[in-house]
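Okay, here we've got a single chain as structure tokens, the form predicted alone, with questions on binding and movement later.
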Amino acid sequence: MRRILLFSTSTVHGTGYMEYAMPYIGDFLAGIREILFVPYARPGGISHERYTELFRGPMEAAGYRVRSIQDADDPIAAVDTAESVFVGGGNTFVLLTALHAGGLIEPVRKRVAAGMPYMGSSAGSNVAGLSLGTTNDMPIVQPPSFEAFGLVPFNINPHYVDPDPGSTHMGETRATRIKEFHAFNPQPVVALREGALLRVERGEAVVEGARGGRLFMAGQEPTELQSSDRLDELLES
């Protein structure tokens, strides 16, 4: 019954905030008009209130009602009654720390298992996986656990950047970092380039959007992913 929509990013170059995502959200939510927004990932520079207003702009223009979990007297009750949820991007460590502190991990898992649509971008997509071990963020705070929602039985790496053969940078590439992750962790990693997304529903996992991504499996060479590619077998792992 899981219904999950994971965006690599909220904004792609040359477009406005969430602009490229709106057609996918409209198709995914079909008939649902309310979204519970989780703004916890922003570590500074923008308040939860301002972040919610940023998200509310394009959503209300498209006809959705937006509630912020930040405004709820009882955040767990807000999850329990939500028609759908969108977890925004920012710093994954900050986000997961707040989710654990609010006791929200299990309530979200239960609602998604029961069919509530879950959407996320960037950090919000990262925490849909098994752990935050493939985030690109600095650990500016320490969550009580790296365990995330586990809505899908693999990890997500958003904002995936391909190695640049012309670069003189001598540091590790993103692909190298994911290989290092697999030295200690067996789960697959779905790396999504900006503009790509993963849609999970009816037992299917489909890559959508522009630019695709790469699938990393422990001990194997990565596989290129393109729009419409199916990853259904990963849901059984």
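Note that the structure is predicted; figures quoted are calculated from it, not measured. So that there is no doubt, residue numbering starts at 1 and follows the sequence shown.
Here the subject shifts to the form predicted together with a further copy of the same chain, a form of this protein not shown in this document.
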Options 24 to 32, 200 to 208, 54 to 62, 38 to 46; stretch whose heavy atom lies within 4.5 Å of a further copy of the same chain in the model of the complex: 38 to 46
task: Answer with yes or no whether K179 is in contact with a further copy of the same chain in the model of the complex, where contact means some heavy atom within 4.5 Å.
output: yes
- prompt: Would G133 count as a contact of a further copy of the same chain in the model of the complex, using a 4.5 angstroms cut-off between non-hydrogen atoms?
  reply: yes
message: Test of understanding: in the model of the complex, would S68 fall inside 4.5 Å of a further copy of the same chain by heavy atoms?
response: no
message: Is P107 part of the interface with a further copy of the same chain in the model of the complex - any heavy atom within 4.5 Å?
response: no
- line: The one option of M116, L151, V94, A78 with any heavy atom within 4.5 Å of a further copy of the same chain in the model of the complex is V94
Sequence-ordered residues of 139 to 162 touching a further copy of the same chain in the model of the complex, heavy atom within 4.5 Å: P139, I140, V141, Q142, P143, P144, S145, F146, N157, H159, V161
message: If the C-alpha spacing of N91 and G45 moves by 3 Å or more in the model of the complex, is that a move closer or farther apart?
response: closer
